[in-house]
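Next up is one chain by itself, shown in structure tokens, the form predicted on its own.
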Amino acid sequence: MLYQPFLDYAIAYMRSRLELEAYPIPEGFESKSAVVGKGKNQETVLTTSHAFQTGTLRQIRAAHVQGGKSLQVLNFVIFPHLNYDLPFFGADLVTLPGGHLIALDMQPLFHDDASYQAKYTEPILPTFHSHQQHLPWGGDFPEEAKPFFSPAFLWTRPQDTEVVETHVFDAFKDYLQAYFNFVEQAEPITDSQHLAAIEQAQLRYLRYRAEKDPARGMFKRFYGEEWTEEYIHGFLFDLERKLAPV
């Protein structure tokens, strides 16, 4: 249960900062388990979902996968309401047999907008640099993904679990606290052109994430294709469904 303390901290911290309300989780996605492997290698994989919302944040959601020492995943993402220009908060914490894959960021709506970067990225660069000394750059990642990450993208591959329990946890706390500082200061957007740009930026990000979700193959192996696609489009990245006319 490597990432349970991360999830517990996030929920408690958010409750200390804002009034959290439950966000509806579609039936069948609150909890799902499967038995994988054979003989001595058999493991039960449990996936649990958690979701909240606030007046500023449309969806705060987590997918937590627990499959023994060789498989632990926490995907924790915050999506603002469409009338705020806040970045997304994204934490992908993954432990596989080959090691740990850690990605933390406040993912910008507008990657090439200097004023936007000055507002939301520059204030957290000192935090990024302070953690980077313990969490070095994890190497190349897809070129097509780069527009969706900020200059404060913390991407690392620690080999030692103790590093995850200490330095990664510290970075997770600092990024989350910084994000909620932005949330508390956020003002609603009223300009129609700006609102349209925000909606398109959110949809662009969610479509990319839904199409390229690295957990798709894992979930298909555990729970089948139908459950997986509905989980991705109906819960993890559900904005397009929410905007569709009834």
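Everything numeric here is computed off the predicted structure, so don't read it as measured data. The numbering used is simple: start at 1 and walk along the sequence shown.
Another form, the form predicted in complex with 15,16-dihydrobiliverdin (DBV), is not on view; read the next lines as being about it.
- At least one heavy atom of residue 236 is located within 4.5 Å of 15,16-dihydrobiliverdin (DBV) in the predicted bound form.
- Using a 4.5 angstroms limit between non-hydrogen atoms, residue 183 is distant from 15,16-dihydrobiliverdin (DBV) in the predicted bound form.
- Contact annotation for residue 179: none of its heavy atoms lies within 4.5 Å of 15,16-dihydrobiliverdin (DBV) in the predicted bound form.
- Within this chain, residue 98 is remote from the site of 15,16-dihydrobiliverdin (DBV) in the predicted bound form, having no heavy atom within 4.5 Å.
- The stretch that touches 15,16-dihydrobiliverdin (DBV) in the predicted bound form, counting heavy atoms within 4.5 Å, is 98-106, out of 98-106, 158-166, 78-86, 118-126.
- With the partner removed from view, the residue among 45, 218, 201, 189 that has a non-hydrogen atom within 4.5 Å of 15,16-dihydrobiliverdin (DBV) in the predicted bound form turns out to be 218.
- Within 4.5 angstroms of 15,16-dihydrobiliverdin (DBV) in the predicted bound form, the stretch 49-75 places a non-hydrogen atom from each of 61, 63, 73, 75, taken in sequence order.
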